[in-house]
Structure formats: structure tokens, C-alpha cells
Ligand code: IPD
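Shown next as C-alpha cells: one chain only, the form predicted on its own.
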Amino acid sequence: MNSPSLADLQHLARRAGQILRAAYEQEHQIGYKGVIDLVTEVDHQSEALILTEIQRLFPGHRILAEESGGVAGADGHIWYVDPLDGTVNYAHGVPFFSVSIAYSYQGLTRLGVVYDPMRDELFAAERGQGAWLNGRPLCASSATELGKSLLVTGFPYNAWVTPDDNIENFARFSKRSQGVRRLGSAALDLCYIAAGRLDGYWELTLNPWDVAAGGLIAEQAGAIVTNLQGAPDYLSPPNSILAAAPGIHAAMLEVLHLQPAALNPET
């Protein structure tokens, strides 16, 4: 059974990105998967292109995709596809969204690509080989002090009804860092960690297609990427993730495990 190259993923991501860019700021058919969880016709168009091409070029591979659920296939070859990460941004005309594609072989993510079509920024990584932005090597931040770090996070789509809404963590880190951003695309958040634009990122509950590619890119750029318990598996439920510069990962993990009473920023 054939395996893809990094160039295969890059080509797919660029083609899907062309669909997103062409329809940007047009009228969209918006559906709701939850109270604030949107989907547009462009999500489906992008995903249809990617899945069709994977099935044509790599028949028999298993695909996990956000909108369709994916395609059954060999568990040894798994693709993780998010055809439009940042749909809420996209639907509102906010130019921060991406296409995310990862390939896993025998349980280990080998290739990952995240494409931002509005900036024409293609982030890519191959396990053991490094990570790149438009061909330029990436390196995570050298930050060593949480108080001088710029962080990013996201909130669950069921934040209205769940106690695990991430608000308390947001408050904690806001009082212990230079600031916390909420940008709206987990895949790009991770790539910005890889590029050293941001120093740390955490989120409580995601899906594997949200973070498989970006997580690999951040890892290969030198960031430490774990779940919120500090273990290396962030692709298993509940798909929590912490990606940070090596110099602040432990400090972020400590803050995430503080008890509610320990909100004093001097501690």
C-alpha cells in the first residue's frame, strides 16, 4: 500500500486553500452542528476535494475528516483532515483560517501540513526531518519566563453548557503572562507556536483532525507538545493539548493544575 510524500499533502492543501480563498467574503450557506458550531458549503467543498484525491491516489487508506466523518480503511494508514479550521472566522469574513492535513503510519503521525490561503503561508513537517514555513526552517520560541510570554487558547463549542469552559484557565494565564490571544484556528495556533510567533498554547477538548498536523509541526520545530496531563498522546479523547516553548511548558502545566484558590498572580 502506497504512502504519501510531504509534497502530496502540500499539493492537496494548496488546492483546498484555493477553494476557501475563492469563496471568501461571499454569501454562504451556513448550517449549525451546535449552538455556535458552524459549517458552510465551503467546508464540504474543500473536504470533498481532499477526500476524493486521497481515495484516488491512496486507495484503502483510512480517513478521519471533520464534516463527513471520513472513510473506512486500513488502520495502519490514517489521514486527519480538517478542510476549514476556523469556520466561524471564515463565515464572518475574518481572514484567519486554514486547511489542515496529517498522515499517520502505524500509529505515529509522520506528515503534517497546515495552509493559510489568505497569507499564502504553508506550514509543513515531516517526522525526524524538521518543520518549515514556505520552505524556511521553523524554530519554536526561546521563552523561559511565563510572565514575558504571549499565549493563545481556544474555547469548546459547548462552552455555554459545560463546566469545563476554560474561562478559569484563561483568567489564570492572563494574570501570569504578557497576554492571551484567542485567534480561532487551533491548527494555526500550533503553527504560530512552531514559528515562535507565540510562546504557548493550550486547549481542553478538541478533535484529532484539529491538532494532528499542527501538533507535529510544533513538535518538529522544537516545541514540547503534550496533553494537559503532560503525556505525549494528544490525539486520544478528550484531545486536550499543551504546546509550548521548552522553557515554559512546565510552568504552563503547573498553572493548569492549580487549585481554584491559587489565583494570586504573585504565586
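Start at 1 with the first residue shown and count on from there. All of these numbers come straight from a predicted model, not from anything done at the bench.
Keep in mind that the form predicted together with the ligand is missing from the display, and what follows is about it.
- Considering the ligand in the predicted bound form, the lone stretch of 177-185, 105-113, 141-149, 124-132 in range is 177-185 [heavy atom distance within 4.5 Å].
- At a distance threshold of 4.5 angstroms between non-hydrogen atoms, Asn169 is out of contact with the ligand in the predicted bound form.
- Within 4.5 Å of some heavy atom of the ligand in the predicted bound form lies at least one heavy atom of Leu206.
- Proximity of Cys191 to the ligand in the predicted bound form falls outside the 4.5 Å heavy atom cutoff.
- The ligand is not drawn, but in the predicted bound form it has a heavy atom within 4.5 Å of Leu84.
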